[in-house]
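What follows is a single chain, given as structure tokens, in the form predicted alone.
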């Protein structure tokens, strides 16, 4: 990255001669080294899924969640530094609370995505701070229906039907593009999200991981909530079964 000249990566407020801000690119690398996070916007809701890498067998299950609630109708999934995630989720909660205090209504998805993008972008302007090493995926259902946004370390925010971040994002994006998202229900999307996370997981590098799933839909009362344990178990079984079928197909092709 620094082959074009030394010193341009020492401050986030310095551009390189070809117009790059290296500190922002380094922050993106922190995201790309994290577990995969995806979001699916379907016809009746939004589903979030995260591959939470377990660095020890002693970790308590369902602790240190990478999917959090920023407002009663807003879910946040993250890929990157966990400490940065907590800071941004706190900021999102403050924004949601302030909007409700002023307008007596829940904050729309586009507005909270815009405010979070502006906040993150402010940390790319000054040499006294560093960019956030996290990409956040915002899931929400507002008056315009299901909404899905992703805020990147640069402060850019974009609305998606399906998106992915983390080390398995290329595999995840390929699988998401195969789906007819506008025809899926949230129940179907939960199973597909689990399958995609399992497909994107790199067994050689990270053997242990925990799947996190949440949704915003009619079944959750249009509130953000983690999926029930029975739904999670069914999704994991579906993902493992699909993975085994893919392995069997590959073995048959090799035999041929």
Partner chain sequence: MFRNQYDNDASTWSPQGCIFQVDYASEAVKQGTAVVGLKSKTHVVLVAVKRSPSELASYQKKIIRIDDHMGIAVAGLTSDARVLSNYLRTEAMRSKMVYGRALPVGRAVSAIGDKAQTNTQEYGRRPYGVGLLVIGHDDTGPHLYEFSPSGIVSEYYGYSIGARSQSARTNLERNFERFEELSLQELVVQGLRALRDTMPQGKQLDSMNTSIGFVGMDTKMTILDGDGTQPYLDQLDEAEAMDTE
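Residue numbers count along the first chain shown, from 1. Given the structure is predicted, the values throughout are model-derived calculations rather than measurements.
What follows is about the form predicted in complex with the partner chain, which we do not show.
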| task | Flag this candidate site as yes only if 55, 61 and 128 all have a heavy atom within 4.5 Å of the partner chain in the model of the complex; otherwise mark no. | result | yes
| For the chain shown here without its partner, which stretch in 195 to 203, 224 to 232, 211 to 219, 26 to 34 has non-hydrogen atoms within 4.5 angstroms of the partner chain in the model of the complex? | 26 to 34
| remark: The one option of 110, 173, 72, 87 with any heavy atom within 4.5 Å of the partner chain in the model of the complex is 87
| message | Although the partner isn't part of this model, could you tell me whether residue 243 comes within 4.5 Å of the partner chain in the model of the complex, counting any heavy atom of the residue? | response | no
| request: Check whether residue 101 has any heavy atom within 4.5 Å of a heavy atom of the partner chain in the model of the complex, and answer yes or no. | output: no
| Does the partner chain come within 4.5 Å of any heavy atom of residue 236 in the model of the complex? | no
| field | Contact test in the model of the complex: residue 133 vs the partner chain, heavy atoms, 4.5 Å | value | yes
